[in-house]
Each structure stands twice: as C-alpha cells, then as structure tokens.
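Form predicted alone, single chain, as structure tokens, below.
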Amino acid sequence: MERDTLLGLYSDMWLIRAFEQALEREFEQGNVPGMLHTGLGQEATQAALASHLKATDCFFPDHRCHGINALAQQRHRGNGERIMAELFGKATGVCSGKGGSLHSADPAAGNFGDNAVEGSYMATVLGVALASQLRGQPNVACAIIGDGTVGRGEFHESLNMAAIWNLPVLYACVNNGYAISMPVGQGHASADIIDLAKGYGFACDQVDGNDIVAAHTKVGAAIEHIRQGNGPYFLEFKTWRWQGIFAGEFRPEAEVKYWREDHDPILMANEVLQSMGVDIAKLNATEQSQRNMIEEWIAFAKESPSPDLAKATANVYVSWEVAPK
C-alpha cells in the first residue's frame, strides 16, 4: 500500500475514534439521549469499508457504526457534524433529531440507516440490491452485521436469496468475539462465521479486522468482485470491541491486553507508517486535527436547537396522535 493511502486511512480511523470517544464522554454527561453502543477498537473495519463505498452505493450500518456514518457523511456531503447533531437529538441532525443513535440515515451519503430490530435490514438490503441490478447500475449494497446477528433467521434468508438472485450485496460481518457476553464459539457451530456463510455457494473471505492494510485490500477485492456482476460476497472481519454491553462484563485479562495494547488498529497503522518514514510529529498532528474537528462538531450539536415539539412527535406511530408534554 502506498504511504499516502495509508495516511488517509490512518486519518479516517482517528476521525472514527475521536468521534466515538467524544460521544461517549457526552453521553456520560447526559447530553446524548437514548442508548449508546460504540465501536471503539473496530476502527479499521469501518475505515476500510468507507474507503471503497461510493455515495451511489448504500450501506446499512449496525448499532456500533457511528464512525462510518460520520465518515460517509463528511466524505460525501461535507457535513459530518450533522451526524453528531442527530445523536444529540437536535433539529440540525440528518433526521432532524428523530433518528438518534439507531436510526440515523442519509441516503444521499449512502447511509440507509440501522434498525433497532437486529437483523431486519438483512432483508431490506436485498431490495436495494435488486433495484440496482434491475437498473443495470454497478452499485453495491452493503449490510454491516455483527456476529450476534448471525443467530437471526434473517441472516440465512438473506444469504440464500442473494445467492439465488446473484445480487450485488456485500455482507460485512464484524466478528468482535461476543454477542452481548456470549463468546462466538459458544453461540454458533463455529467461531468463524465464514464457515456458516460458505454453504450458500458464493464468494467468502476472512480478514484481520484490525489490520487496516489487509482489511482495505480485502474490501477492495470484494467490492470489485461485486461491481463486475459476480454476485454477492461475504467478508468476515475478525476484531474486538473495547467496551462491554454492560458495566462489569467479564473478559479474560490476557484477551483485553492483546486487543487493547498489542492489536490496536491505530497503533498498528502508526507503526507501519513510521517504518515507511512518516515522522511521529505528523502522525500526532493527524490525531489532533481530527480531535479538534470533532470538538467543533460537538459544539455545533450543543448550540443547535431542539426539534419543534409538534414535528418531533409527528408520525411516530401510524394513525396515532402523540400528545406533546
């Protein structure tokens, strides 16, 4: 990989981490409503996907994808701060503050939105992919799923239909080791989800999801495969999430040390860049630049107005009226 390409990916990973660390801080201070699941430690998977997906493609993010939402919004629309405002529930958000953490979406940026019903968009992604296929457009429809979602019936239904219709779907499976607190190997017949996907007869691969160089290369190959009309592709990222689902979740000390200290995707990329001759001062400046921008986004969100009460409560339920209080 060329040095400038890796530098760009390094910058993207810092945008994602700075975004989520700031978001986590504000959530703890009570400034972010609802629930929050971060993808800290999984920055390489999101940066690799975002680097290859175009605005004309689509992706359905899972609930740990605030980073790729922000990155796509900034890259394709030039207003990443609107994702932050959405998470703060403000009128300037991409969904006017009504989407929040689990329903932020902007199709113009390629972001077709998550859903609080795990796995549901594995069915939805088929419709978007079919539309591209019928129109003869070389677009990719990407479903970003966690290993826990594999236990849903939609997983098998979606892979089967994509195979039958040869749809342009990229299944990006972020296997971070645990579904809530259940280790992957105890919840499925194999700790490698690729073993379950292979039975559907289309192209599958697996990659170290914390190695940005390898992840970027594998995503590029998968998307090129799909754009050439070769049908769906299943790519499993082996990674690890820093945070548990709840406070006090137990994970072995050696495992925590390996993933947080020895296999941190940003530290790994930092070492490679230094070996390429990039000065540490430049790398530090890259981090600080992204942190500064995220603080500007936080300020924008805090200064933005809340949604008008009538609009905020409109269309919440079909044929129901919600009385503002």
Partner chain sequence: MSDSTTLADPAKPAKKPRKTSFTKALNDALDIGMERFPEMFLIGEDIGEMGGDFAVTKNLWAKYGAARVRDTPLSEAAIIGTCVGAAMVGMRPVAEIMFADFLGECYDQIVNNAAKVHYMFDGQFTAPLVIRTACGGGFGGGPHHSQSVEGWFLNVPGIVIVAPSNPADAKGLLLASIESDDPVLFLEHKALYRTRGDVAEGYYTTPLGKAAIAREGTDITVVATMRMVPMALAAADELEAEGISVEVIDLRTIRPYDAETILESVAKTGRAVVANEAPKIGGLGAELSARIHEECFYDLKAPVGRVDGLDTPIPFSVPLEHEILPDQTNIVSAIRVTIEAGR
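Residue numbers count along the first chain shown, from 1. Only the largest set of C-alpha atoms that superpose within 1.5 Å between the two forms is called the rigid core. Bear in mind that the values here come from a model prediction, so they are computed numbers and not experimental data.
This protein has a second form, the form predicted together with the partner chain, left out of what is shown; the following refers to that one.
For this session: Answer yes if any heavy atom of Ala221 is within 4.5 Å of a heavy atom of the partner chain in the predicted bound form; otherwise answer no.
Result: Result no; Ala221 lies far from the partner chain in the predicted bound form.
Exercise. Can any non-hydrogen atom of Asn111 be found within 4.5 angstroms of the partner chain in the predicted bound form?
Worked result: Asn111: yes, in contact with the partner chain in the predicted bound form.
Problem set entry | Partner contact for Trp242 in the predicted bound form: the partner chain, 4.5 angstroms, heavy atom | Trp242: no contact with the partner chain in the predicted bound form.
Exercise. With a 4.5 Å heavy atom cut-off, would you call Ala22 a contact of the partner chain in the predicted bound form?
Worked result: Answer no; every heavy atom of Ala22 is more than 4.5 Å from the partner chain in the predicted bound form.
For this session: Please state whether all three residues Asp106, Ala123 and Val128 have a non-hydrogen atom within 4.5 angstroms of the partner chain in the predicted bound form.
Result: All of them do, each having a heavy atom within 4.5 Å of the partner.
For this session: Please name which of the stretches 169 to 177, 229 to 237, 211 to 219, 87 to 95 has residues with heavy atoms lying within 4.5 Å of the partner chain in the predicted bound form.
Result: Result for this chain: 87 to 95.
For this session: Can you tell me which bits of 135 to 173 touch the partner chain in the predicted bound form, meaning any heavy atom within 4.5 Å?
Result: Arg135, Glu154, Glu157, Asn160, Met161, Ile164, Trp165 sit within 4.5 Å of the partner.
Problem set entry | Large Cα shift (2 Å or above) at Ala22 between this form and the one not shown, core-fitted | After core superposition, the C-alpha of Ala22 moves less than 2 Å between this form and the one not shown.
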